[in-house]
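Form predicted on its own, single chain, as structure tokens, below.
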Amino acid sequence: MGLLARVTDYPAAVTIGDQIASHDDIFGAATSVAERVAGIERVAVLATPELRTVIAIVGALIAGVTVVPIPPDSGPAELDHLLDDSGARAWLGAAADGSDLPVIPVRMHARSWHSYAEPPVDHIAMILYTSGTTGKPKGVMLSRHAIAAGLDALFDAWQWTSRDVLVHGLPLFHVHGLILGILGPLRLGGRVVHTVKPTPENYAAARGSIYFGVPTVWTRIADAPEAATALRPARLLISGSAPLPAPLFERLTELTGHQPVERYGMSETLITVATRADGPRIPGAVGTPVVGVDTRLRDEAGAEVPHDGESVGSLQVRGAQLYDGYLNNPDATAASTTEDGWFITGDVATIDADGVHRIVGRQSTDLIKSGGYRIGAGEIETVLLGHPAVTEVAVVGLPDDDLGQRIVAYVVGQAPEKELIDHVAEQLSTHKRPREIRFVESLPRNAMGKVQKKLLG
């Protein structure tokens, strides 16, 4: 089987807003695109939510041309970096404002049925750029084999078939929205409805069997009970890209009749850990390794961390779906790889005796060493968010002469400090309780909405 399936079962295989295309429409137009780009090494695609984007990407994949999806809201400096670093030779479809690269048009109604040989499995299909939170965005090189392996593992985990209708409104320049959300259905020969905007009303109207969302999307749906109730006929509600707070998990279960499925992954690894459709769904847990993936926990000295559901360690992964390294950045690639070939995710996690993973934060900002214990800030944040008086929280470790670091929680909300500390101690080990609660009006965030913990303290 090639990377993408060519079937003609569904006249509405891809719906984006009010644009609808069959499999024949997609592959006929994409093959026409392939004829115009064949021989080019790399092309940039402005990843707007429209059929033209899908046809451009599929056309490049048919031709064996590497695709560089570009976020439509990229600023001038970021755009220059993405284009220069990637070495894209042209825009396929529309160009971003301010770019002088040549444009190869995508003709929506052109058709070609020329037959192309499937490119080698090790060919780099896509270069996805990281968010750049620790420097300039890095180009993640993903091979055709990695993408295929990653998708097939999810088809298995979620019992996802060509009969499913996937619904989402996620960006088409990340793993979640593009690889899982568009290439997944096209590999299966299934159907996808992209709502353009992931509003509760749009999700409710789509009538799908699988829904993808991030916690922000699910929060808005939970705040719109009528829309949430409309999702009851679905099969799976899947959440990713950030932790899903336990109270939101419970609220969605109450309104939709479905316990959400959580999963974990990165641009460099695709989805490595996921709750299975036929497995237990535990608030705050992201499941077990998907088929073909191994995981392990290590401490700072590289020693093994026990899988007891309590001990925190650096999460490392390996498998067929991992990236081929960072483009033009061998030092960063080497720094992310252990001597025995495991990828260092940079996240800290716990794994229990059944292999269930919990991600408790980033190693650089969320691993707290207090009183001889290694503690994940994310675990404490999840518990505090379960208190009705807390709307936002960030937990950090601040220097302490006695403990090394003391646990401090910055909280948006109003409640007695002792009540919040006791709330944590009742649900987690006593050594994980905050030693101090600092109430704030808001948390510092960057342009991507991520809390900047380095500004707290």
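Not measured: the values here are computed from a predicted model. Between two forms, the rigid core is the largest collection of C-alphas that superpose within 1.5 Å. Numbers for residues come from their place in the sequence shown, where the first is 1.
What comes next is about the form predicted in complex with a small molecule, which is not displayed.
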| query | finding |
| --- | --- |
| Complete contact of Ala157, Thr275 and Val317 with the small molecule in the predicted complex (any heavy atom, 4.5 Å) | no |
| Contacting member of Leu385, Ala230, Met266, Ala206, with respect to the small molecule in the predicted complex [4.5 Å, heavy atom] | Met266 |
| Contacting member of Gly93, Pro260, Gly240, Gly376, with respect to the small molecule in the predicted complex [4.5 Å, heavy atom] | Gly240 |
| One stretch from 376 to 384, 185 to 193, 113 to 121, 241 to 249 that, in the predicted complex, holds residues within 4.5 Å of the small molecule by heavy atom | 241 to 249 |
| Interface membership of Lys369, the small molecule in the predicted complex, 4.5 Å heavy atom rule | yes |
| Contact test in the predicted complex: Asp347 vs the small molecule, heavy atoms, 4.5 Å | yes |
| The small molecule contact in the predicted complex: Thr288, any heavy atom under 4.5 Å | no |
| Any non-hydrogen atom of Ile359 within 4.5 angstroms of the small molecule in the predicted complex | yes |
| CA of Ala153, rigid core aligned, shift of 2 Å or more between this form and the one not shown | no |
| Core-superposed comparison between this form and the one not shown, Gly371 Cα displacement 2 Å or beyond | yes |
| CA-CA separation of Ile375 and Ser241, closer or farther in the predicted complex than in the form shown [shift of 3 angstroms or more] | closer |
| Cα distance between Leu367 and Ser241, which in the predicted complex differs by 3 Å or more from this form, closer or farther | closer |
